[in-house]
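Just one chain follows, in the form predicted alone, and it is written as structure tokens.
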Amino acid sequence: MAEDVKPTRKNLMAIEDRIELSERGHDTLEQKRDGLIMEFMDILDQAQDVRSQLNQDYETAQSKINMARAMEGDVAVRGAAAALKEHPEITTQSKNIMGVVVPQIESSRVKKSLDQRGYGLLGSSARIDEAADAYEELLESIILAAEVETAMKKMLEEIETTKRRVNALEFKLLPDLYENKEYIEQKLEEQEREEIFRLKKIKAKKEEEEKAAREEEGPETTPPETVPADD
């Protein structure tokens, strides 16, 4: 409330400094918000492509594994899966986008050659190999989707946080500061007018007192001239 602010020039200067600082902060946050939105739109486009590829890879993998089960049997498919010795490894790092730390996921040993899968050439078939290839592609798509969608979620959270800060400055803090500034300026103007009026009254009273003093003393008299006597 403006009425809670003591109307002094010191407070007025402090509020003007806060207004200047808040306006600069508001402009900076607006620029950050706009930059984040642009980055988010780029990531959103990428996420849509990744999600589409993920769905396609999933359908392909399901089709391949169903064909392998139908032609080779579940026992052969499960045996090939159990023969895997080297499992994929996932490492995570981070990167900074407009001040937002997002994950960067690196994978290794996802795609394997026939001899790396453990089941050997004799224990395999073309259909099992195709199913393994399809699921390796699917796993890579899942890893990429996890990275992109996590980045998108973090960017969206930061955009919402920045928007709330911009709105708080624009619709709450700055209006309150402007109101306080106007209130102090009005009060200082009133005090100045009152001071001028008081000084005028003092001056008028002093003049009246001086006039009354002169009247009490009466008109000034001059001594009569002396005429020399005749010899």
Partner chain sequence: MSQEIAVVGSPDFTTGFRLAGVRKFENVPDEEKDEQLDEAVSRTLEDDDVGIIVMYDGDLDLLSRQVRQSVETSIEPTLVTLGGGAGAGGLRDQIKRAIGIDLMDEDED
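Keep in mind it's a predicted model, so treat the numbers as computed, not measured. Numbering follows the first chain given and starts at 1. Superpose the two forms; the largest set of C-alphas matching within 1.5 Å is the rigid core.
Although not depicted, the form predicted in complex with the partner chain is the subject of the following passage.
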On the criterion of a non-hydrogen atom at 4.5 angstroms or closer, are A14, I196 and L199 all touching the partner chain in the predicted complex?
no
is_contact(A82, the partner chain) in the predicted complex, heavy atom dist at most 4.5 Å
yes
Can you tell me whether Y183 touches the partner chain? I mean in the predicted complex, with a 4.5 angstroms heavy atom cut-off.
no
Just checking whether I97 would be counted as a contact of the partner chain in the predicted complex - the rule being heavy atoms within 4.5 angstroms.
no
State yes or no: in the predicted complex, is some non-hydrogen atom of D115 no more than 4.5 angstroms from a non-hydrogen atom of the partner chain?
no
Taking 4.5 angstroms as the heavy atom distance cut-off, pick the stretch from 188 to 196, 201 to 209, 175 to 183, 47 to 55 that is near the partner chain in the predicted complex.
47 to 55
At 4.5 Å, heavy atom to heavy atom, what parts of 156 to 184 sit next to the partner chain in the predicted complex? List them in sequence order, or say none.
L156, E157, I159, E160, K163
Please say whether, between the shown form and the other one, the C-alpha of Q46 moves by 2 Å or more once the core is aligned.
no
Indicate whether E149 shows a C-alpha shift of 2 Å or more between the shown form and the other one, with the rigid core used for the fit.
no
If the two forms are fitted on the core, does R33 show a Cα displacement reaching 2 angstroms between the shown form and the other one?
no
